[in-house]
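There is one chain below, alone, in structure tokens, taken in the form predicted on its own.
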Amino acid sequence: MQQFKAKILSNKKIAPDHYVLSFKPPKAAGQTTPGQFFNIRVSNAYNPLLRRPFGAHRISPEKIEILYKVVGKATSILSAKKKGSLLDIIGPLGNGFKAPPDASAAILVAGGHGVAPLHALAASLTAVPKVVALIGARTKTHVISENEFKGLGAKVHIATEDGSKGHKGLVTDLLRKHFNRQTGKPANRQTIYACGPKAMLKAVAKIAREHCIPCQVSLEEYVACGTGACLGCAVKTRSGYKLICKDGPVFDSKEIIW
């Protein structure tokens, strides 16, 4: 972890209310692992005062990309930032995903802009023979990173709440279908990786438990300091309270008390 000033390389709108911003990291930040995040100060003014956390969407030594949704004043300010502007950043922070060395398949489950860290994860799973990406969104215009996952060799399935693209329903419906198709077949060496709203993650954890599949979830929570000092992002686990910013944001789904 370090604090640094980074130059914005690009900041582009890619979907309704969604942007991808890239910046040039210092050498140490280029070693970011999928699932880690950066705490960014979007303004020098007192409002907004606190930094905002953004997961790494794409990772390379030359640039880091973050995918974010405009939901309030801070992200509105960020969306107006121009190429060449400087950002005050702390990171990389937290603990990311862990890929089992002998995995035969990885099932990535994304709800909304939960695709952000899962894209970086998919790019790192070069040794995994089969990668399946299940993407959930409200409508077809809110589907993000479909082609990017396909470009990485993942098999992609889409669910939209209004049925305008792919399966009509929830992304967890697709996850159940995935395992139902494997009736009578061993599910050995598969791992689920999920990021999205808490209700979705709870449902994913339940499905993983039913099928005895290892599952890692990236929890979304308001993170203030990002270093564990403020204790504002505590989550109840089977071994007591833990901090999403320091102990997570990625946890074994069995560890969380939902």
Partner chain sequence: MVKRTSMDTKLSVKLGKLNLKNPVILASGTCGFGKEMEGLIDINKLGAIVTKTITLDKREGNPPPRVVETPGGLLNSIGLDNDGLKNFLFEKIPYLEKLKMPVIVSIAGNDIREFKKLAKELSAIPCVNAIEVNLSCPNIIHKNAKFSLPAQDTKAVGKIISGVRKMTTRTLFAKLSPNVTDIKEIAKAAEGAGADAVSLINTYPGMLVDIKTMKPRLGGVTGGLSGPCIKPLALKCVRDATGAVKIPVVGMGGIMCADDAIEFILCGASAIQVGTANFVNPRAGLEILEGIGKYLGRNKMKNIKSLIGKLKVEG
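Positions refer to the first chain, counted from 1. Values in this document were obtained by computation on a predicted structure and should not be read as measured data.
Another form, the form predicted in complex with its partner chain, is not on view; read the next lines as being about it.
Under a 4.5 angstroms non-hydrogen atom cutoff, its partner chain in the predicted complex has residue 48 among its neighbouring residues. Within this chain, residue 8 is remote from the site of its partner chain in the predicted complex, having no heavy atom within 4.5 Å. Contact annotation for residue 206: none of its heavy atoms lies within 4.5 Å of its partner chain in the predicted complex. A residue is said to contact a partner when one of its heavy atoms sits within 4.5 Å of a partner heavy atom; residue 214 fails this definition for its partner chain in the predicted complex, lying far away.
Partner proximity in the predicted complex, defined as non-hydrogen atoms within 4.5 angstroms of its partner chain, places exactly one of 222-230, 189-197, 206-214, 54-62 at the interface: 222-230. For the residues 159, 125, 156, 90, the 4.5 Å heavy atom test against its partner chain in the predicted complex is passed only by 90.
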